[in-house]
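We begin with a single chain expressed as structure tokens, specifically the form predicted alone.
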């Protein structure tokens, strides 16, 4: 029996694609099999598995996790969904591609191995003068798998990508989503309703292109795509999965129902923010004046110190300027902090 046939037989029995991926950190031979309900299963690579049901579908759904390997709750959600599909407990009505982004970083319990994978998409994995590494190769491959998945969809069918994360820090708004820059296209109220159903009522609107996986799918493939932060990083076994019940229920409905109805849009249900500015680390000596447990969305008064970058002191320049994703340990040249300000639903939403 070949190695591919052996792992497929095991996968049919236990549905444990996560363990299979963790046992093959950077590469797994492609393979295919069919479930009893005639759903076609395609393993493209380690951490990349596609399901195509035997019915007419209208949606092409990408669900990714483990772009940062220590963000375990989304990994556990996707692991459960994959097992339920393979066991026949969950019958699909839509095409879905699951991605565990960085299996080796899962195994070592860290955000990344050599380089932050979520800074390498939209072509940033290949830069003149910068040596390739496993994460740069992986980013290139993940873009190809998503491109291939969407290219094989029926013309005109819906595309979406939800890149599931948990944040390093706690947050005043426990769950929040990042809406990629849309280059002048309107933000969609229907997507806010989907996020609300997931238990996410806080949304951050980006104002510029990014290197993230969600921006790639949005910009290159026109998908409704979000980075979804579901809480704070915890090790495997320490997540209170009841806190993610709404998210899992909504994702389950998305892939197992022909159509999903959400409540009527109400602007008061949401807390929306717009990016005010990006603060990059440019010097070795970079620090924040606030503690390591300062939460995302903590606001600062105008004139308060936000960061020190070498000899440059950076102050809040508007009242209530709030911090998102502060990380003083990023590589020089990368984003160390986003700041945001509140915004309202207006004519830019459709």
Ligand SMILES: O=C(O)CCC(=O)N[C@@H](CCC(=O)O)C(=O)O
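Positions refer to the first chain, counted from 1. Fair warning: this is a prediction, and the values are worked out from it, not measured in the lab.
Keep in mind that the form predicted in complex with this ligand is missing from the display, and what follows is about it.
Trainee: Taking 4.5 Å between heavy atoms as the contact cutoff, choose which of 221, 136, 169, 248 touches this ligand in the predicted complex.
Mentor: Looking at the other structure, the residue within range turns out to be 169.
Trainee: Consider the chain as shown here, without its partner, and state which of 119, 189, 159, 83 has a heavy atom within 4.5 Å of this ligand in the predicted complex.
Mentor: None of the other options qualify; the answer is 119.
Trainee: Report the stretch among 299-307, 281-289, 51-59, 66-74 that approaches this ligand in the predicted complex to within 4.5 Å, counting heavy atoms only.
Mentor: Only one stretch passes the 4.5 Å heavy-atom test: 66-74.
Trainee: Indicate whether this ligand has at least one heavy atom within 4.5 Å of a heavy atom of residue 227 in the predicted complex.
Mentor: Contact check for residue 227: yes, within 4.5 Å of this ligand in the predicted complex.
Trainee: Looking at the partner-bound form in the predicted complex, is residue 203 within 4.5 Å of this ligand by any heavy atom?
Mentor: Output for residue 203 is no: heavy atoms all beyond 4.5 Å of this ligand.
Trainee: Flag residue 175 as yes or no: does it have a non-hydrogen atom within 4.5 angstroms of any non-hydrogen atom of this ligand in the predicted complex?
Mentor: Flag for residue 175 set to no.
Trainee: Could you tell me if residue 335 has a non-hydrogen atom within 4.5 Å of this ligand in the predicted complex?
Mentor: Heavy-atom contact with this ligand at 4.5 Å: present for residue 335.
Trainee: Is this ligand in the predicted complex close enough to 111, 214 and 325 that every residue in that trio has a heavy atom within 4.5 angstroms of it?
Mentor: Result yes, every residue of the spot touches this ligand.
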